[in-house]
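Next up is one chain by itself, shown in structure tokens, the form predicted alone.
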Amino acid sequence: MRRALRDNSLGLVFGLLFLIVLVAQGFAGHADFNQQQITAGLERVSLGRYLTSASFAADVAENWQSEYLQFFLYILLTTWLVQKGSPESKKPGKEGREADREQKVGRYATEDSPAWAHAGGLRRALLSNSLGLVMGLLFAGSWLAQSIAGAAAFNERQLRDLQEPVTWAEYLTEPDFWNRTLQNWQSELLAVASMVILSIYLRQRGSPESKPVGAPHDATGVEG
């Protein structure tokens, strides 16, 4: 058990932190929602009702979709683009999907390679692009969830203000939808750009996200 916990500690800690923060968001969002209800002269709602509301779902989904977009773009773009000096990048000249020998597929697959790495055709193609495909699907699914929940929350406010509700398609053209979306996209893209560029000159000893402390600034694709 101790070894299993050690070997999976990074994923377990992030999973636990996610649950803690999600619970905290639920309580904070509930308090904020009730403040808005009181300001509008409406009744407070219970925590359970808030956690099943469109408002909470939209708030959660809009953050999830931007995170998955960040990783989807990062996975794809780092295949073809490089940043000299960054440990987050392949070395210049290594752009592209790389040869079968480098990727250990087909006749270059080893005994402990995944079974589909030995195969050809569709199975190998799916395995070769599975990370990007899954991240792309998670992004599309969470963005769809945001749009549906956001439309419902938007219509609740419209009806409260004695305004006409809108259809889902109409909501996709509303400033509310794009404000929710773009404010998350810009922050995620800024964070990735900051990591790529700052890791050229800054170090974190012992972290695989950093170059070794004594590595030259122009060393590319080198992890500590």
Partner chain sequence: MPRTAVLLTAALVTMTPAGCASLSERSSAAEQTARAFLQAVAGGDGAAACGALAPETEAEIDAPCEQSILSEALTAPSPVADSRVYGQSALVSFEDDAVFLAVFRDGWRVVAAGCTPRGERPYDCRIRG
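From a predicted model like this one, the values you see are computed outputs, not experimental measurements. Numbering follows the first chain given and starts at 1.
This protein has a second form, the form predicted in complex with its partner chain, left out of what is shown; the following refers to that one.
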{"query": "Selected contact from A119, A125, I75, A152, since only one has a non-hydrogen atom within 4.5 angstroms of its partner chain in the predicted bound form", "finding": "A152"}
{"query": "Contact assignment for its partner chain in the predicted bound form, among Q163, S194, Q36, Q183, heavy atom within 4.5 Å", "finding": "Q163"}
{"query": "Heavy atom of each of E43, R49 and L159 within 4.5 Å of its partner chain in the predicted bound form", "finding": "yes"}
{"query": "One stretch from 195 to 203, 24 to 32, 165 to 173, 66 to 74 that, in the predicted bound form, holds residues within 4.5 Å of its partner chain by heavy atom", "finding": "165 to 173"}
